[in-house]
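One chain comes next, on its own, written out as structure tokens in the form predicted alone.
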Amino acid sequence: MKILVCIKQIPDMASKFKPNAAGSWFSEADLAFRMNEYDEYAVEEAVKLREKDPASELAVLSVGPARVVEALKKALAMGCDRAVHVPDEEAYRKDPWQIASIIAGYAKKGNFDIIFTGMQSQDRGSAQIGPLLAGMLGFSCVTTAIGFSLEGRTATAKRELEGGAKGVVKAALPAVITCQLGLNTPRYPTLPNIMKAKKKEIAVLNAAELSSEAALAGTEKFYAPVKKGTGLVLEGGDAAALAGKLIDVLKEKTTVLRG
């Protein structure tokens, strides 16, 4: 079986973001980067599947600037067999259609049986890469998986639905599975595995040779949210007293009750 897992490197979500000079995306200055959290679950699930079948092959792929090699090395240390880096310093400008097209360009040559991705990236949050990729390849697609098993050429996945409901679906391989938080417990790369990862292959491919699709959507503006005033909490158990306090606040601080 041939398995592919797709990952993205994103800024640490605890970072303080600010627009870049063009105002088109966030500035990368002073940001720390890490593997997208959803993708960590995808890597873990792919590695678990790889471990059940020693004859299988697991590749990890990432599209992005030179810094994404660090995320690829982590995936290799977690258990992936080899990595593929598609260098693209302008990847952040590309929409999901373009990124999925690049991945599909590689996947078509690899004859993969199953592809794992994170449900979405934490920075852009479109949740479109997996479904678009499946459509381009003609694969089955299961999204937001919180449970996964494989029997022969049939995948069974538990999905997270709206309102806390769960659904169980079966999909024939080849398939794309997008992974939700809680699907598993991503392993921490041990020092021996980190050392082994240094000897594993990281192939470099040209993005233009995989796809030259034009964008279907673009980011016009990126800006920090406007700072708002603090809220006021009125405490007390008596409704009449609270209503009186609210009227006083409205009179003093707003024009709602001024006539």
Partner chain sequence: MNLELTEEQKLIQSTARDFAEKELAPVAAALDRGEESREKFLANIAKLADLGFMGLNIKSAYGGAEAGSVALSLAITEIARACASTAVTLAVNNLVAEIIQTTGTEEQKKKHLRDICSGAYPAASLALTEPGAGSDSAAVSTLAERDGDGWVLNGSKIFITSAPYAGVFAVFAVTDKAAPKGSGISCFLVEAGTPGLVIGREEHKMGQRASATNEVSFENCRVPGDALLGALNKGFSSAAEGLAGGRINIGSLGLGIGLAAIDYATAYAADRKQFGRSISEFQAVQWMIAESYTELEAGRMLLMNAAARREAGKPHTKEAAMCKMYATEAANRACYNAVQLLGGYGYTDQFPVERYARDARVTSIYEGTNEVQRFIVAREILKSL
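Positions refer to the first chain, counted from 1. Keep in mind that this is a model prediction, so the values were computed, not measured.
Quick note: we don't show the form predicted in complex with the partner chain, though the next part is all about it.
- Residue contact check for Lys198: one or more of its heavy atoms lie within 4.5 Å of the partner chain in the predicted bound form.
- The shortest heavy atom separation between Arg34 and the partner chain in the predicted bound form is within 4.5 Å.
- For the chain shown alone, Gly218 is not a contact residue for the partner chain in the predicted bound form, no non-hydrogen atom being within 4.5 angstroms.
- Although the partner is absent here, Lys73 lies within 4.5 Å of the partner chain in the predicted bound form, judged by heavy atoms.
- Across the options 45 to 53, 22 to 30, 204 to 212, 64 to 72, residues that bring heavy atoms within 4.5 Å of the partner chain in the predicted bound form belong to 64 to 72.
- Only one of the listed residues (Gly110, Gly147, Pro131, Pro189) places a non-hydrogen atom within 4.5 angstroms of the partner chain in the predicted bound form, and that residue is Pro189.
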